[in-house]
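Next comes just one chain, in structure tokens: the form predicted on its own.
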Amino acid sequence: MSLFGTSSGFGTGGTGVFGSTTTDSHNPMKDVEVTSPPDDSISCLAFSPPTMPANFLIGGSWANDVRCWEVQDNGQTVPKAQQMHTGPVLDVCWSDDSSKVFTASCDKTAKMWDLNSNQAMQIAQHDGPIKAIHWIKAPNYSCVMTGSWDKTLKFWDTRSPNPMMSLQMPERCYCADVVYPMAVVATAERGLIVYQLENQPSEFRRIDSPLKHQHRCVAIFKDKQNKPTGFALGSIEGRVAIHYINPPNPAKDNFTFKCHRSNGTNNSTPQDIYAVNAIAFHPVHGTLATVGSDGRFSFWDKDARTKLKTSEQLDQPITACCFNHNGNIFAYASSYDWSKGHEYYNPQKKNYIFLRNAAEELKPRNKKW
């Protein structure tokens, strides 16, 4: 029986795959550990798209490397290859045909990694670190979109050293997401810009931020027709905004919710508030996962406005997460995010990537059909 198949009872407690029955604070959910994780904080994770029959996971880190693992049906992970930048890797993405991985780095370059030949070549250049990278597959063009701290959004066709297009942003790019024909970029100073990608990319709308604190992560969600219809935006203040682009009733349909906070509620017990480090939508159910500096992941149903599950607390922040293409596997990375400064950095602490069966826990509460 496949470990990540829907019929498996994997991830529901009991003995882990590696037989660890002790409640281990580094892995309190007893999830599968990915072998040979990076040697420094993990910044980004991305699973291969549906065009790849097997599941491959890419992870980028502050050790300047990008690693690739094959995730087998029995839960075992096999390290396949790695590539280096000359600065920390901040984001990774796949081409739609699964043949290439794109990597963005603090070294101000982006690279294209051909997995068949295991060769990586530079395809993009900015005047500052590149924080976000996304593949765009349009009917009439394909390109890589890079968002940088140099306040530009650039589009590259991977064959030319010059961008197809460069768009100025009001501030540094902090996070971005793409679901064709929509892109959304969140910047410093709480900037929020939606782009339309049909024919050629162009700015569609600037949005007043629904959040009062620094933007940390953003993820586009789709409607029942599988079209991008809005986004979830996470901030450093333990809060997520659900924002529709053209809602029938903006005051009612758009909302924010608190998350990744400790239990203190009143003045006698002050509440600890943590950053939301990443948001990922389930590709089948449309529910979402958030991960935070508090060392927990949570699953949510935005339509029913309910929390589906919160994990036990890990002994480190959770810095990245993603689902595989069919939503059976939830990957999340545990490593220090420097949210408490250098005095809390412990070089002895290892970094981990965990895999969890996500087939059941992310089903919506009340099916509307």
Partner chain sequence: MGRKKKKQMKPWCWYCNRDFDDEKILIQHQKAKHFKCHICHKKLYTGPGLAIHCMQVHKETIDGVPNAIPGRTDIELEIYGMEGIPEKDMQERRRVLEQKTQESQKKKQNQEDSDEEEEDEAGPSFQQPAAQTPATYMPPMAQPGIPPGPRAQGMPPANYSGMPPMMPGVPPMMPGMPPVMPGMPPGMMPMGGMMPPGPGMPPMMPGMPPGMPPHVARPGMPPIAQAAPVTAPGMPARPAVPAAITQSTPTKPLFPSAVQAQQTASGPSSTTSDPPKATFPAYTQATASPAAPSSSTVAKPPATVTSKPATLTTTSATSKLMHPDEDISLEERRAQLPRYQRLIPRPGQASIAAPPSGAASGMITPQQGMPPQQPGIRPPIHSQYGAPPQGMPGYMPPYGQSAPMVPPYQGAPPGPPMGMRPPVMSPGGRY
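Positions refer to the first chain, counted from 1. These numbers come from a predicted model, not from an experiment.
What follows is about the form predicted together with the partner chain, which we do not show.
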- Would D337 sit within 4.5 Å of the partner chain in the predicted bound form, counting heavy atoms only? yes
- Item | Touches the partner chain in the predicted bound form: D177 (any heavy atom, 4.5 Å) | no
- Message: Is T77 part of the interface with the partner chain in the predicted bound form - any heavy atom within 4.5 Å?
- Response: no
- Message: Within 4.5 Å, heavy atoms only: does K224 come near the partner chain in the predicted bound form?
- Response: no
- Is the partner chain close enough to Q119, R190 and S209 in the predicted bound form that each of the three has a heavy atom within 4.5 Å of it? yes
- Interface residue in the predicted bound form among W94, W149, F299, F155, criterion: non-hydrogen atom within 4.5 angstroms of the partner chain: W149
